[in-house]
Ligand code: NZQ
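Single chain ahead, written as structure tokens, the form predicted alone.
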């Protein structure tokens, strides 16, 4: 295990605690905020009315910024920055997309930068305080310092990170996700597993402790996903699922591993940018294809371990096949065709990945011809 420094400042409130958000804001002396949320789900569930009442009763003024899309866009984030000029904090009520756009707004509004400059490498100098009420567990954005945004004009989906955009407080109430459609539960499960596997497979060094930790997250996600598909009201399963999502990308799985990378996310971001596919759906297509290419070219023993520990398979190839079968079993797409993307689009997708691979520091490791090979395995 390599030496490391780790600090995560996010305060987590777990359970039915969204009613305390006004007290938290007042304690931090925030009396005018930007309320960011997605489409209509929080209004249908009654959460919107609950939050508005809590804020109104506490005398906290709020400006609304709704209609955040599942792949948050630059143009919408810019609108949010304009609304945030006179607020002191942001309350994000939603899943990873809402939180990611809120982080962009928080940093751009306080740093006086154009939003996209942050995703092109500009370091924020300040950020508005960010508070989260999580409704969808998937991205881990509630407890990390990263944000993803799509520039709909250039068709680039990029990320940026800064310690300044960690949420101050994140409220995780698993019961708020009970009404989540089954397909989005599936996409969330794939996203969580992908966050773990990217580090698990590409890390410079592996410790027995972190291997077991990663494997137990994956096995827990598999088990709870199957339970929730059968019974969406199983709160114990939802609670375990939610913690897996948070732990998968809050820095714990990468402690002491040295360098690592996110090639699957890099490739999938182009699918989302070009075709607006749900992030987890795109990952379900990319992961098995990448795994097949990765093992064929590296013979990395981690793939063999994954096959044995997760799917009780004797060979790496058997594990990859079992993983793909499980994805199909839970209703995830497993080919580009399942996403409605034709094979003749591979060139276009590969060129888009190649366009942004410098941002991921993967241009040398994943040249255009390699990206094409991986995408052809996903046909």
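Numbering follows the first chain given and starts at 1. Fair warning: this is a prediction, and the values are worked out from it, not measured in the lab.
This next part talks about the form predicted in complex with ligand NZQ, which is not shown.
Student: Which one of these stretches, 303 to 311, 220 to 228, 206 to 214, 139 to 147, sits within 4.5 Å of ligand NZQ in the predicted complex when only heavy atoms are counted?
Tutor: In short, 139 to 147.
Student: What is the one choice in 246, 270, 71, 264 with a heavy atom within 4.5 Å of ligand NZQ in the predicted complex?
Tutor: Of the listed residues, the single hit is 71.
Student: Name the residue from 199, 237, 176, 169 that puts a heavy atom within 4.5 Å of ligand NZQ in the predicted complex.
Tutor: Contact check passes for 176.
Student: Decide yes or no: are 40, 97 and 279 jointly within 4.5 Å of ligand NZQ in the predicted complex, with each residue judged by its heavy atoms?
Tutor: Spot residues vs ligand NZQ: full contact, yes.
Student: Is the gap between residue 254 and ligand NZQ in the predicted complex 4.5 Å or less for some heavy atom pair?
Tutor: So residue 254 does not count as contacting ligand NZQ.
Student: Can you tell me whether residue 180 touches ligand NZQ? I mean in the predicted complex, with a 4.5 angstroms heavy atom cut-off.
Tutor: Within the cut-off, so yes.
Student: Contact between residue 184 and ligand NZQ in the predicted complex at 4.5 Å, heavy atoms?
Tutor: Looking in the predicted complex, residue contacts with ligand NZQ include residue 184, since a heavy atom lies within 4.5 Å.
Student: Enumerate the residues of 364 to 378 that have a non-hydrogen atom within 4.5 Å of ligand NZQ in the predicted complex, in sequence order, or give none.
Tutor: If the 4.5 Å heavy-atom criterion is applied to ligand NZQ in the predicted complex, 364 to 378 yields nothing.
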